[in-house]
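Here's a solo chain for you in structure tokens, the form predicted alone.
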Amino acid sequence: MSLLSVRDLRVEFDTRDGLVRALNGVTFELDKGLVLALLGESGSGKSVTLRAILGLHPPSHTRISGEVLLKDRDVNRLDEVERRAIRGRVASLVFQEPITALDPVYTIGDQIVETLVRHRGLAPADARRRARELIDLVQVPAPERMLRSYPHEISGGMRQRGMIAIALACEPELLLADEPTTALDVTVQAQILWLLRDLQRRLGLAVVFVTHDLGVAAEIADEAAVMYAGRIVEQAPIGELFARPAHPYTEGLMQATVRRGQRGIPLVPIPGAPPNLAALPAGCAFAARCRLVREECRTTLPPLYQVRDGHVARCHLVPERFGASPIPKAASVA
């Protein structure tokens, strides 16, 4: 049994501009101890997926269907009290911007202690000792100073370490990381990536890591799922994805990314912009930007094809390019 199983997940938002279809049948599984990277441009549905896993979307203007099975319990069928019991203990979220996620009027230590007292039932003195252990776990060089500091008094890298300590406070089995290195400089980004990978291996965590940076995904992930317009358009082990990208969008992301040894070779941007999620086209959502587009791409949504073992892609060109066959809908993994 997979720790996390997402099946045909659909998320729609009621807005002034109409119904926005943010997720359109997302399906994937994640076992204990593995790291899955969700790749794609802004607006592709990556962060929406993470919040749907924890049931964080406001019910007043959100329509959600499909299954999100955490340890065989469907998050979408739980009430709010049951969801709160899962958050932190089974799955935790590391937010993209710790300066906005952390409470500015409480110290880092107070925020970790509050988490431990509320969710683990520890006495304040025991929670203080455990908070110090957590700060040591995320390798802060001056732990006592860190515990006494307010979020605005420390650097972005230290804030992110504090955010990770809070996320790990209740010893979750699944860590959801929403672009945790985006706002950091290159050196600090590398330190946080190393820390997350080290913690994941030491603690045996499963991790869903959201990023638009292919280099980051290559550093931390075991497998990657490429998202576009609320769908997974390609999924494969990370080495396989880089060696044999099967979807034109994945190829476009790679051509638009700086790589080693590329001096003097210009980047090739993907033309155009992502589609309006309130007015998705009938066919492939990437058709308007694709250099290989055909007429059927504009009119018919492509099925999912098996490129190789563990490697699938949703594109009409896959059969002739890779000799692949469609996957029966019941067996689809993306």
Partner chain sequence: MWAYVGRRLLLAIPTLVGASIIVFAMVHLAPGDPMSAVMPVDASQADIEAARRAYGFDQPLPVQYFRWLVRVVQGDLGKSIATRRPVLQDVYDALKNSLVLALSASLLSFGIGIGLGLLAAFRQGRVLDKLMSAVAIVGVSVPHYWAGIILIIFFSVQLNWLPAMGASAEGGAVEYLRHMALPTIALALIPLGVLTRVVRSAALDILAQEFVLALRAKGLGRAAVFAHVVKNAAPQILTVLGLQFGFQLGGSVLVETVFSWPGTGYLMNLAIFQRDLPVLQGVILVLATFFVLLNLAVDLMQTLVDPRIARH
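Numbering follows the first chain given and starts at 1. Every value quoted in this text rests on a predicted model; they were computed, and no experiment measured them.
Another form exists, predicted together with its partner chain; not displayed. Remarks below refer to it.
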### Query
in the predicted complex, which of 221 to 229, 78 to 86, 195 to 203, 122 to 130 comes within 4.5 Å of its partner chain (heavy atoms)?
78 to 86
### Non-hydrogen atom contact D74 with its partner chain in the predicted complex at 4.5 angstroms
no
### Message
Taking any heavy atom pair closer than or equal to 4.5 Å as contact, tell me whether L56 reaches its partner chain in the predicted complex.
### Response
yes
### Query
So in the predicted complex, does any heavy atom of V105 sit within 4.5 Å of its partner chain?
yes
### Task
With heavy atoms only and a cut-off of 4.5 Å, decide whether F242 touches its partner chain in the predicted complex.
no
### Query
At 4.5 angstroms, heavy atoms only, are Q111, T115 and R118 all close to its partner chain in the predicted complex?
yes
### Task
Note which of L214, I166, V207, M158 lies within 4.5 Å of its partner chain in the predicted complex, where distance is taken over heavy atoms; exactly one does.
I166
## Note on the structure
Among A101, M254, A190, L184, just one has a heavy atom within 4.5 Å of its partner chain in the predicted complex, namely A101
### Query
From first to last in sequence, which residues of 14 to 31 have any non-hydrogen atom within 4.5 angstroms of its partner chain in the predicted complex?
none
